[in-house]
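Single chain ahead, by itself, as structure tokens, in the form predicted alone.
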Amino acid sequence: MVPLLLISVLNAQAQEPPVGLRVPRLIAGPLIVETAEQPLIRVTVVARGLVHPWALAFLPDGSMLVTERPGRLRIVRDGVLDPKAITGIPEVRAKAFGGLQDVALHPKFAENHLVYFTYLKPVENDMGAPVVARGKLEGGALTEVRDILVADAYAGNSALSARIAFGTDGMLYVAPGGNIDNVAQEPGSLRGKILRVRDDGSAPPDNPFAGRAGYRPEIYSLGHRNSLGLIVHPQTGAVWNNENGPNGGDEMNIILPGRNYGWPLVSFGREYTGPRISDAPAREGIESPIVVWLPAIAVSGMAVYTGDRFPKWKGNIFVGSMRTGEVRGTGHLERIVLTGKNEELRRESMLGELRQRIREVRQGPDGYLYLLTDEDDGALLRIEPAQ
């Protein structure tokens, strides 16, 4: 008998808010799954016992850095999670969905050992500010840690995300969340924008709004809600993001300098109470998304597959889903096929039987796909061919 990923028995009588399914615990593996174009895949639990893991980055030796939202940076070597966290992470405001979030290596990491990460910094009056920080990884510690970019603080529990990615131009792209009020349209705020900065956090003079009165010089594009996926396309070098809509209206965008992506002026989504966000989902002068989700899937980490392990998936985009249609326990992985002109052809939903919040998706240097499940007992999963 082929061993399957065992799922704990569901208590049919249990009723837990919000509306949805009970999330089972991943117990053992591997799970063999039939998919549409890559006939059989194997899903293996590489490491578990992570507390709401958020992001991962591959080190040159093949080991992995993994962030945990409560404020720990962990390392996985040869498939084993080091029980000791890497020291040097500053205090985080770990409330609601805030805390330690993204992690990325400097393009010259082999020379300078610099690691970049984002976190929610606690400030006075119980407020939090999204921050980009960097430090030098030496052994099991981050040293010389300092904040290089601090966005405006906010008192609530929304707009807490902050993704980062290094571009082919050597610049660091940053996406602080902006789903509060009209902050995504405010030129004096860093929230709800895609930012472009040097590796020390300073704004380069060729940014689209540099020198323009009232605009922060770090801004590259504006009108974004919560960008929970931010990548540099490995084949084109273009910056892509995905962002959570409210109740519907998740979207994927190709980011162009100086453009406005609409939030909250236009949206395909609705308020969580039901009414539409805007009368029309498109408007002249505002960039339209290349992919939209209705209902929302709480889109998260994103990767473009370029390896040889899954030849039929080459060029496909993978995104994590944390829940579908506001229903708990419906997280999954989605595969999107686009034309050469970035026109959507089809989508495939996978791993829905796990009922896990898929927070992160990355292609490893071995050509496999790696996922993180954003749960109390979170796991690092590997996807490989079963044949």
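For clarity, every value in this text was computed on a predicted model and none was experimentally measured. Quick note: we count residues from 1 along the sequence shown, nothing fancier.
Below: the form predicted in complex with another copy of the chain, not depicted.
Chemist: Every residue in T306, R309 and Y368 with a non-hydrogen atom within 4.5 Å of another copy of the chain in the predicted complex?
Modeler: No, none of the three is in contact.
Chemist: Pick from P281, P122, G71, P217: which has a non-hydrogen atom within 4.5 Å of another copy of the chain in the predicted complex?
Modeler: Only one listed residue qualifies here, and that residue is P281.
Chemist: Go through 201-209, 122-130, 264-272, 141-149 and give me the stretch that gets within 4.5 Å of another copy of the chain in the predicted complex, heavy atoms only.
Modeler: Selected stretch: 264-272.
Chemist: Against another copy of the chain in the predicted complex, would P90 count as a contact residue? Criterion: heavy atoms within 4.5 Å.
Modeler: Flag for P90 set to no.
Chemist: Do H113 and another copy of the chain come within 4.5 Å of each other in the predicted complex, heavy atoms counted?
Modeler: H113: no contact with another copy of the chain in the predicted complex.
Chemist: Would I290 sit within 4.5 Å of another copy of the chain in the predicted complex, counting heavy atoms only?
Modeler: It does: once another copy of the chain is placed as it appears in the predicted complex, I290 has a heavy atom within 4.5 Å of it.
Chemist: Using a 4.5 angstroms cut-off on non-hydrogen atoms, would S189 count as touching another copy of the chain in the predicted complex?
Modeler: Answer no; every heavy atom of S189 is more than 4.5 Å from another copy of the chain in the predicted complex.
Chemist: Would you give me the residues of 343-381 that have any heavy atom within 4.5 Å of another copy of the chain in the predicted complex, in order from first to last?
Modeler: Stretch hits, in order: E343, E344, L345, R346, R347, E348, R355.
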